[in-house]
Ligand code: M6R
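Coming up is one lone chain in structure tokens, specifically the form predicted alone.
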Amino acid sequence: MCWIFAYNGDKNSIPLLVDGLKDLEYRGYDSAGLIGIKSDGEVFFKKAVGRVSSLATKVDADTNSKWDYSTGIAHTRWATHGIVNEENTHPHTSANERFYVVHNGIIENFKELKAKLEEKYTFYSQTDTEVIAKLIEDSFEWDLRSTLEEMMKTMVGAYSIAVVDRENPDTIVGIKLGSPMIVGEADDGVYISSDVNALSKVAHSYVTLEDYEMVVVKDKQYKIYSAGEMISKNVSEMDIEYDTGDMGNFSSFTEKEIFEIPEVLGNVFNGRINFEDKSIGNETLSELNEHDIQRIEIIASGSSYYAGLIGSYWFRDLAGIPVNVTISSEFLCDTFLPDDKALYVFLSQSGETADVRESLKIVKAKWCLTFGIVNVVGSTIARLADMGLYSHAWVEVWVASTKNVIAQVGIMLMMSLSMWLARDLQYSKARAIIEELGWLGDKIHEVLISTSHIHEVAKKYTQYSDMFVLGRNIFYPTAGEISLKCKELSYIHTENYSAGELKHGPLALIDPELPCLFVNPAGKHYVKTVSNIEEVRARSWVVLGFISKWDPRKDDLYTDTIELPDTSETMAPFTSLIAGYIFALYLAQELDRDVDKPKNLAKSVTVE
């Protein structure tokens, strides 16, 4: 969840490194640092706690930053080992100040390595990365490349590492295991980044390193090595457009991305669903239907986990396929029992989520069928999965995922419909759902134009420090995702339960100061959820309802309501989620939170 940017070439590296870090800051923003090296070995070394802007201020204040530092490495940190301070900020250095290191990942055996090194070296930080720098000095014999090759046999964990050597100032060496590393080629030199998006502004082509591969950059050229031997790699043209644009009339980029959801759903369905003849015509889904799939296992984390839970209801209800949804970190802790009749679906916005990525590797090692749903083209999960679909949510920069979650949910509904048609030929029912998908965008716009009312409701709920968020059946995980967004953006403590579970324990927390948000639009379980709401009202709780406009109980059952457009139960999770995102956004803004960069979080979780 830390991120690397590096450069070697004709230009002064310092401003390029700062700009690169700004593009990566959403991946971690506890602190940032950089080092540039001139051809004579003189260094420019700066660190700052907080946002990249703090580092940029330090850099701009130093006139030396305008000199010709043709080689440099930089880093933005999300703390894993050690508190947030300058001592723990990257780059880290060897004791002799010859080698400088930036690192994304975790060295799991760093304590054992550090214990041995402490016999010879004094450590100034609490990080696992400083251990790497000291280990390089301790292991160095002939050259940096062979030293790092030997160190890869010693270090346990997941990492991408970039190293510079003051005695060889025109060289950067990078190694990768687990965490992403991309090499970009430009007319002015060579760049290294943890994220291909950050290279799209500067490079015309790129190469993605695989595990145990190494890149050596020298004099505007690069070579890739594996097991000590130089190898050739496929070069991809840079056709990615990384442009967050400006906020326009929106209050935050998070709000802007919520309002992009109708267009994103258009991307999801475009070329995959023919709305004129109400059919699904996607080659990947057609190929998927050729497999004898008897069971589906969905593996994901965070918001993608809730998206997977929502999708699981459609796979069961429409396609008639048993589904299990597993948190990826728990999948790694459990015993994997391979099933050659199962489809294993992996969800990740970045395509680099560490727990999901490592789960995919375990499944592939047993020759099971894997399917990736990711947003980033060329990401690790996209490359490793046997099959997959991109969510086409454009660049989702700001930390809390919204439009990509909706895209994932849309893809799984489309997959369910495709499997349903291939298995049961229920054309009339499937065509009715496809027809409704065709005007789903209009229904979403109805939610988006109701923001002023949602804002007024959100203001009332800023007075509470806790909240229950509840629903039944498909609206249970829908409520879970809304609960997560409230946590992420507003820092209000929310708990998600199935509405039917209230009387099995949570009712003990009854308190007029603990409001309940019920997601209960029209559906087959509406009446049962009303009974749960009655249980709450009988105990004087405050109730906020996400309900359909026609709801006959809206005046007597709820303290406050957010009305959703009339849709079928199948479509209601889309409108409910978007209303929930807006509610969470305005809760946070009223509490003066930084909604684009919530505290303690990073966009892509690349460590386990």
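Note that residue numbering begins at 1 and tracks the sequence as displayed. These figures come from a predicted structure and were not determined experimentally.
Keep in mind that the form predicted in complex with this ligand is missing from the display, and what follows is about it.
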Please state whether every one of the three residues 93, 127 and 129 places a non-hydrogen atom within 4.5 angstroms of this ligand in the predicted bound form. no
Though this ligand is not shown, can you say which of 343, 399, 363, 106 has a heavy atom within 4.5 Å of it in the predicted bound form? 399
Using heavy atoms only and a 4.5 Å cut-off, determine which of 312, 304, 88, 179 is in contact with this ligand in the predicted bound form. 304
So if I measure heavy atom distances to this ligand in the predicted bound form, which of the stretches 457-465, 350-358, 251-259, 206-214 falls within 4.5 Å? 350-358
Contact flag, residue 485 vs this ligand in the predicted bound form, heavy atom cut 4.5 Å: yes
Give, in sequence order, every residue of 364-398 that has a heavy atom within 4.5 Å of this ligand in the predicted bound form, or say none if there are no such residues. none
